[in-house]
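Just the one chain here, laid out as structure tokens, in the form predicted on its own.
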């Protein structure tokens, strides 16, 4: 995208536009603001496969009746260090934020607490869910399962979702250390982007409908499936995510829900699990400094950058110059807001 072809929007202006789209398509104003900030934040930070690229999927899912944009989550206090939320068939982020005050209260009281969300639709990157905890001085880990699009190692049928794991920790003198990575060899959104652009994928990313290896993203999307990263190692992580996100929370496994009666549905109807820790309870008064130290050692050893570092560079540029959108995408967003 050239500078001449780009429209640059301030973060607040993109949020406002996305809010209008969500409200126009059946989301409550409260939930729309949360989702718009999440989506705009992904676009601002360069997580393009989870930014405005997702808006068409949000809209088609809402219009199909598959997801309840007006859902009011039910927060349940079920133990000294355990919070449970029924998202009521709505989006995950409003459910998480509804539970956040109680979760933080329990973390401060006990040093650690967990959050289990069920009957929820998560359609974004996972790092925005954990990064705010680290900005407040906590360590956070979250896992979420999605729709079945990954075959088990050596298998022929999709069982797992891309099933990402995200982790965030305070880091002295710098932004929090954050990573967000799928247990599949590539994120599903990146496969969709490659298919639209007509680009082949690297070997080892997926199989076609006959279970044969393919580099063609269109064949992966047309009845094929992704592979777990690292063979059996990624497979184990994907299975762990299913257990924590669905079996433990009371949500659906990635292949368990049926959206066949909702044409246009794209948002997975599953569950999510969080562990949040107060690092001060470790008895180490220099935790954030120690994190910074090990991160520095990694860079000194020759690693070019740490996970998340590029996002902060992109965020700073967007805050200065605006978030770049192609004129075509800007017009599409305006049309979704108006029509």
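Residue numbers count along the first chain shown, from 1. In this text, all values refer to a predicted model and were calculated from it rather than measured experimentally.
There is another form of the same protein, the form predicted together with pyrrole-2-carboxylate; it is not shown, and what comes next is about it.
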Pick the stretch from 133-141, 245-253, 183-191, 94-102 whose residues have a heavy atom within 4.5 Å of pyrrole-2-carboxylate in the model of the complex.
183-191
The single option of 235, 214, 169, 146 touching pyrrole-2-carboxylate in the model of the complex, heavy atom within 4.5 Å:
146
Does any part of residue 50 reach within 4.5 Å of pyrrole-2-carboxylate in the model of the complex? Heavy atoms only, please.
yes
I'd like to know whether residue 176 contacts pyrrole-2-carboxylate in the model of the complex, with contact meaning heavy atoms within 4.5 angstroms.
no
Does pyrrole-2-carboxylate get within 4.5 angstroms of any non-hydrogen atom of residue 228 in the model of the complex?
no
Look up in the model of the complex whether residue 268 has a non-hydrogen atom within 4.5 angstroms of pyrrole-2-carboxylate, and give yes or no.
yes
